[in-house]
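Next up is one chain by itself, shown in structure tokens, the form predicted on its own.
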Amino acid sequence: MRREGSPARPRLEYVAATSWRGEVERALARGLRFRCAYAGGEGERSWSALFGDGHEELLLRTFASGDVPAVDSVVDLVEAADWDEREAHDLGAIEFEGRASTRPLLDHSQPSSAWAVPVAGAGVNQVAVGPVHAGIIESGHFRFHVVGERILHVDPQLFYKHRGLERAAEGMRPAAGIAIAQRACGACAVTNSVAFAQACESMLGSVVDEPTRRARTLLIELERLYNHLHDIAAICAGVGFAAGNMAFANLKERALTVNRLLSGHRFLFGSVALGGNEIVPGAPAVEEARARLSELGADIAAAWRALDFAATVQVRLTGAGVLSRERAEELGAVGPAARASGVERDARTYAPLLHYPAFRQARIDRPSGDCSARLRVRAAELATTLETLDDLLQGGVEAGSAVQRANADGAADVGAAVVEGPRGETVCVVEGDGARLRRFHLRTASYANWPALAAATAGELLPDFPLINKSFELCYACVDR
């Protein structure tokens, strides 16, 4: 039995290849949600899938058999596993039996006919956008199948700067590996770092103390604050509302200055440590941060009122890029994108390794799943985040450390963590012997939500794609890991 507040060490079960689908079905029938799946870690032919509900985490593992390593596909059971299987096919050379097609996900050497869904009919054309864009965004290619300006289907092709971060972490000491997790994505540096730290602490059987939990929660909410402000600014830009774009961009800049005041870095780099908390701003800095956040909160409320009553903006957002609740559930969407569709799931509601003692999930009155709903969810969550930050800062920020072992058996060979970042649940799994990492897998909220963005785009007008894209505002770097 796991003690309250101890690391969520997953239970590892080995499954015969012939029983793989049946075990996955049983896990789902028990109410465990698919978290992630990955190849390698215990021989290159291993295939593992993590399922959980916050209270229980189950890691199923099988071994691909045959001259050509193969295992049964479960995409018909868990559509959210589609990218995971395609990635393993490209990187791990595993075949997945029962799939209609395993289209390349990372392999960009093949023509579009190999990786894009075939769409044919009278008047159907293709429009290619990217991977180089007119701006400073990262590389991403979108292949639109259209009739006139109506989008029938879109295939996103990402992973252009796949950096091999997970492979680079293999053989590292856990404490050194946190730098790899942090650099997976600058906008999600804290979320990825905390997920990695918690996964390693789960593997090692160590428990961090309350000051560390409070500090990590503070950092996560600071990251959520500036990201939500950035996303609202981006949505304003998507409809050509320059006044809103500039107002929320300015608010984001002010949030970044608070980050620097408390951590020494605008994007909170270097603020998360394995087994403790090393960021301890003095009392004057904490009080100044509280004052700045209070002023910021008042100005956010004023800017939101102006945006909420901008009728031309709201009309443009309403009904655009609808992601239904059913599709959000099927695709495993997470975070504000899922909550905007009525999927009321937030990992902060049960986060014993962080400090959310009285967390109340922000809700909107009409979770319509469109661009308007995704905007309104972020606005509602800003208020919750500011309340949480003020509560955390009232108690100050103290040094922390790891304390006693969570279990008498000490270190295990696997650990896992789920952290609710600005874009939703980020999942991290690590394997090792305690001294060195054998495997590190990071599945971010952006990774989970890219297929949902594609689904929300179908049936919309091509000129609306930039707006729909901004309403999700996903990270390219998170999949270029």
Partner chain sequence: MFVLLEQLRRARRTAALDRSGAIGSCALRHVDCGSCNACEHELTATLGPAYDLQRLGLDLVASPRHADVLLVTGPVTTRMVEPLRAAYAAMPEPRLVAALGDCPLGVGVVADRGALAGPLERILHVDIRIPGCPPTPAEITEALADALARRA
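Numbering follows the first chain given and starts at 1. Note that this is a predicted model, so its numbers are computed, not measured.
There is another form of this protein, the form predicted in complex with the partner chain, and it is not shown here; the text below is about that form.
By the 4.5 Å heavy atom rule, the three marked residues Met172, Met246 and Asn250 all count as contacting the partner chain in the predicted bound form. Residue contact check for Ala380: none of its heavy atoms lie within 4.5 Å of the partner chain in the predicted bound form. Put simply, Pro111 is far from the partner chain in the predicted bound form: not one heavy atom of it is within 4.5 Å.
Using a 4.5 angstroms limit between non-hydrogen atoms, Ala302 touches the partner chain in the predicted bound form. Using a 4.5 angstroms limit between non-hydrogen atoms, His265 touches the partner chain in the predicted bound form. Proximity to the partner chain in the predicted bound form, taken as heavy atoms within 4.5 Å, picks out 154-162 from the listed stretches 154-162, 282-290, 335-343, 116-124. This chain lacks the partner; the member of Glu138, Glu79, Asp390, Glu329 within 4.5 angstroms of the partner chain in the predicted bound form by a non-hydrogen atom is Glu138.
Exactly one listed residue, out of Ala168, Ala402, Ala362, Val75, brings a non-hydrogen atom to within 4.5 Å of the partner chain in the predicted bound form: Ala168.
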